[in-house]
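One chain is shown next in structure tokens, namely the form predicted alone.
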Amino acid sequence: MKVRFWGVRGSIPVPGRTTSRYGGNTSCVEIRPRGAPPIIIDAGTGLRRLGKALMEEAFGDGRGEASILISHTHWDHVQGLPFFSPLYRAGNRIRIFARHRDTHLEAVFSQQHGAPYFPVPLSAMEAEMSFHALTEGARFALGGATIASTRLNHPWTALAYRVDVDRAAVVYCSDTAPFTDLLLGREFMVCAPSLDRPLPPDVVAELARMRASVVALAAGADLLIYDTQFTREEYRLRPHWGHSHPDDALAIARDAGVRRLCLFHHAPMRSDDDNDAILARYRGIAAAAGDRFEVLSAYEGLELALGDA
């Protein structure tokens, strides 16, 4: 399979001179199994350019098929969907998978297509769309690929995904906070809580269980894409935002025995030079620790061939 990054930012798109090398679009990763339809993870603004590229293939003739795995429905992970060109061509088939329990999944996506936010309602899309609600820990097949998932430590809950196909595995793990300081659930916190108070034993146990599930999901993966929006110092100021830092990513990659770790979901204020410095620092830390995995930093256009590519 081939893995290509179309959007690598968190929170908000940030086009400009200081972000031109890494890119300013929000989260979108394409997985292309050999000889099979694309599997897309997240529908941030990077999805628009991916859609344009797909229209040069069978999608332009209304013969395309794709599956989109949504980690969670925060704006920076879904705001590209109304601009996904294959949805506007009859004959294309798009399957959307996401975790949701309280509201019908289609209704969640319809909201950003409705007035006064967007001129074209979701019901007017000409492609055949289907929505599939997932529960935490769901496993299912997409053609020859096997998909597995687990819960992440993020407000309103996000899912991590593992895709096994072509004798290789890629794991997408964004957005998540570390599993040490607080348990994030179905709410947003306005103020940062104290990280110096001991946690109740049941919360400690739940966080340990969640971390173990993430490590198990990533075990032996050829590529682990991990949320590193914050530095460690920034995380201490905003732990309630539900994002992690490279130190935590290295620890997860080490415990899971992955082959490559890709830093992802870059902070909107992070310049290309800042990202270069972070990458250089953590490559050095990994080398000093004797880690055997390669450390990369995601940028738009990065393409990796895994397994039977």
Partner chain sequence: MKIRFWGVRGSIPAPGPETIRYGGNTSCVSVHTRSGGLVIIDMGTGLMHLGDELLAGPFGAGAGSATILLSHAHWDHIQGLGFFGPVFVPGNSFAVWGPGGSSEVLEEILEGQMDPNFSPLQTLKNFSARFDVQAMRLGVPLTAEGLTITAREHPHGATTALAFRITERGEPGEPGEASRTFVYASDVGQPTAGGPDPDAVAFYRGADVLLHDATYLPADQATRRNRGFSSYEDAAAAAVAAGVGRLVTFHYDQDYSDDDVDELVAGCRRALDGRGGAAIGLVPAREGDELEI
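Numbering follows the first chain given and starts at 1. Owing to the predicted nature of the structure, the values given are computational and were not obtained by experimental measurement.
Separately, the form predicted in complex with the partner chain exists; it is not shown, and the next lines address it.
The closest non-hydrogen atom of Pro268 lies within 4.5 Å of the partner chain in the predicted complex. For the chain shown alone, Arg197 is not a contact residue for the partner chain in the predicted complex, no non-hydrogen atom being within 4.5 angstroms. In the predicted complex, the partner chain sits within 4.5 Å of a heavy atom of Thr45. Contact annotation for Pro119: at least one heavy atom lies within 4.5 Å of the partner chain in the predicted complex. Here the marked residues Phe97, Phe140 and Ser213 all miss the partner chain in the predicted complex; none has a heavy atom within 4.5 angstroms.
Note that among 106-114, 131-139, 219-227, 158-166, the stretch whose heavy atoms approach the partner chain to within 4.5 Å in the predicted complex is 106-114. With contact defined as any non-hydrogen atom lying within 4.5 angstroms of the partner chain in the predicted complex, the stretch 281-303 contains no contacting residue.
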